[in-house]
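Before any questions on how it binds or moves, here is one chain, the form predicted alone, in structure tokens.
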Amino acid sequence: MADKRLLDMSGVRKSFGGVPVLVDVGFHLDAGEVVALLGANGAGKSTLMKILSGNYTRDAGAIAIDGSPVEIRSPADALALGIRMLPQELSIFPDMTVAENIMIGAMPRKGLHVDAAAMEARATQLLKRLGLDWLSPRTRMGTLSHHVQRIVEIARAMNGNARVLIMDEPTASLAAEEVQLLFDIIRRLQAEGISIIYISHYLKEVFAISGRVVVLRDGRNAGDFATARTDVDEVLHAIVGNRVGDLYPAFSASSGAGDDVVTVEGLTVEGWLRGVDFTVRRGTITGVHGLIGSGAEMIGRSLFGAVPRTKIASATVGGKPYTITTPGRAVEAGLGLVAAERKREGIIAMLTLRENLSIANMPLFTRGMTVDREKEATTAAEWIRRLSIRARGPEQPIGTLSGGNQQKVCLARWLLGDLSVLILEEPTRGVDVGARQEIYRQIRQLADQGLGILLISSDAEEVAGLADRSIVLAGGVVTETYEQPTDASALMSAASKPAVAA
């Protein structure tokens, strides 16, 4: 059955705000085929799948199902064609039954009421197809383990004429034995002729479950490999290419030579981190890389005192003992944090550039109970110049700036104070290439001036291009430590170590 062409996407183009995200992308899928779709962050995977699932409309290109052209303008169009999306994050109703979760949006009716018997019979049929004969459709969803909830989600996706199932990082929060159970279900679906598009960063999983690997890079096709005739190195090269170095400033000869400005031993966050050790050196960029759910995303904010249930064996900042308590205490100790969620945690969109810049440093701009607006404006104008922020002036609302310029304001905010270490979470998320290059130049310059920088990024290329030394996390623990700059392929391999081969 796997030689019958089910889906064909060709010449797909998509731009946002004039910036191309997909350029003449092609993707095809045969009936009963499992194809892995890979690429670094920003490669275009999500955009392509959102076009296929009807969440975005393409600017150009064609889509065919069973050889016939189709138009997918909405999720309803995709559903009618048998295309289902299984998102990375669970989307369940914990207080409803398994049957209600499976049939939500399509519950059978008897007059004005839900036909409970028909609903449970259909749910039971779907659960049996997935090997969950033992699960009662009347079980409350919130009482089930995470991996069983995930399988119930698959049953929901299978309700109807499902032909294509898109799985986005389906094993990100599953244990090894749970991954095996999911693989068994994928093979069961494959045997029924259902096609799977499998998106994952875990390369061992990809080689274990898929028959073919399609790679996107910079919004373009970068490779199409039969897994039986390729290897991890060839796929990693297609994902990364030779781009690292084009975008990034040169490493300094003195990088890595500074004293330890932060030392951390035994950093533990319940459910996220287990006994993590690391250091940050003065004048050095220390990188932290990990996939989503690896725990890497908790390193900076837990150190900053912004995560409950954080424990630590010992820590120092600037050579003095440091106890994790509150963000205010962290600032007093000389730590600054530029959060990944810029719009939610980094800026106050309705306030001006001047106000956003000074808000974390009010003691610098107050005399008694009065705010020195003139000093605020002068300082803002100086940082607009120093960081090449493109703005009309200090009074421009920050929400009207581009993402890259908003990020520069977030950087400047912390540089006003007495800072020892700057923690950067995903520093160029949502930032265009031109602005990224400028931000990277500024980060390197800050390190060269003696600042210790902790760079946390799920983008392996970003860490490879900037970090003088780095650690890699997976499953809440450090899997690899590099005391010298390393390449993106090594980082990605280390980040996927916990993956399970079938």
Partner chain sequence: MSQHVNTTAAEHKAITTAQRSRNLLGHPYAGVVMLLVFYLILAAVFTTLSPYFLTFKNLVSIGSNMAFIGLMAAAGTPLIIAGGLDLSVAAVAGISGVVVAMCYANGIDIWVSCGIALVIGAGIGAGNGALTNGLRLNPFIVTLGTMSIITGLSLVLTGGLTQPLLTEGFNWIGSGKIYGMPVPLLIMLVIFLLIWWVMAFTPFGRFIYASGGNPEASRMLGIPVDRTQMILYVVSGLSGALAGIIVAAMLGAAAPDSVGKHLLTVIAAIILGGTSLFGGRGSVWGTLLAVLILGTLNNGLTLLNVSSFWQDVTKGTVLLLAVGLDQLRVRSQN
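Residue numbers count along the first chain shown, from 1. Since we're looking at a predicted model, the values are computed, not measured.
Only in words, not in the display: the form predicted together with the partner chain, which the text now covers.
Considering the partner chain in the predicted bound form, the lone stretch of 128-136, 233-241, 94-102, 345-353 in range is 345-353 [heavy atom distance within 4.5 Å].
The contact with the partner chain in the predicted bound form, taken as any heavy atom within 4.5 Å, belongs to Ala360 out of Ala360, Ile185, Leu419, Ile312.
A single residue from the set Thr378, Thr323, Thr370, Ser145 has any heavy atom within 4.5 angstroms of the partner chain in the predicted bound form; that residue is Thr370. At least one heavy atom of Arg413 is located within 4.5 Å of the partner chain in the predicted bound form. Although the partner is absent here, Ala306 lies within 4.5 Å of the partner chain in the predicted bound form, judged by heavy atoms.
Put simply, Val331 is close to the partner chain in the predicted bound form: some heavy atom of it is within 4.5 Å. The closest heavy atom approach of Thr366 to the partner chain in the predicted bound form falls within 4.5 Å.
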